[in-house]
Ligand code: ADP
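Presented as structure tokens, the chain that follows is alone, the form predicted alone.
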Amino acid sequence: MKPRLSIGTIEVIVGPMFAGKTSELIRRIVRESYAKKKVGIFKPSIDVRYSVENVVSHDGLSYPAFVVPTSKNGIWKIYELAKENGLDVVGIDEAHFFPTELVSVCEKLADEGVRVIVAGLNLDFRGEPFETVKELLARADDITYLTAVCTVCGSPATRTQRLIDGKPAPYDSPRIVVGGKELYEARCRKHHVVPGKP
């Protein structure tokens, strides 16, 4: 009897901040480890909010991670480490911090039979798509869209509001600023404000 070939997939978990994307990523990775699969989570080196070496969700879930640079060369470390460690399942957190070359890494892993689970913001604080996540969504075999709770009205939140001194950040603010509840809130479409947005 021939051994069954494993079929790789790309699964993408998206939504605004505080929607539970990292928690869902960790849940899926832990579940696969219970099934005796070799698993690993990768995180970008610029995300040191809660831990330097672990992936940590806003609600405190934590899982040991491979930390990789967000450079074009750095992201190929994901592929190299996945192969060196014989990983069956690869989790990637904060995909929006990586360049679009991440898509090629995910596709190569999936084509070689690896289950790839990626979590990230689909929209930046301006309400505009992150290119890397947009490209991953177009190639995904499965998409999970999570919402948070709007801090203004309690409705489902699909946007991330950046704050500067408690006020909405203007459109021309830097696109990437790593932070948590001190800088960001989840907002619905109605209450998401971007001063100066064209």
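Since the model is a prediction, treat every value here as computed from it, not as a measurement. From 1 onward, residues are counted along the sequence shown.
What comes next is about the form predicted in complex with this ligand, which is not displayed.
Contact between residue 149 and this ligand in the predicted complex is found at the 4.5 Å heavy atom cutoff. Using a 4.5 angstroms threshold between heavy atoms, residue 142 stays clear of this ligand in the predicted complex. Among heavy atoms of residue 17, some come within 4.5 Å of this ligand in the predicted complex. Proximity of residue 28 to this ligand in the predicted complex: non-hydrogen atoms within 4.5 Å are absent; the residue sits far from the partner. Annotation: in the predicted complex, residues 21, 59 and 181 each come within 4.5 Å of this ligand through at least one heavy atom.
The candidate stretches are 149-157, 165-173, 132-140, 29-37, and the one lying within 4.5 Å of this ligand in the predicted complex by heavy atoms is 149-157.
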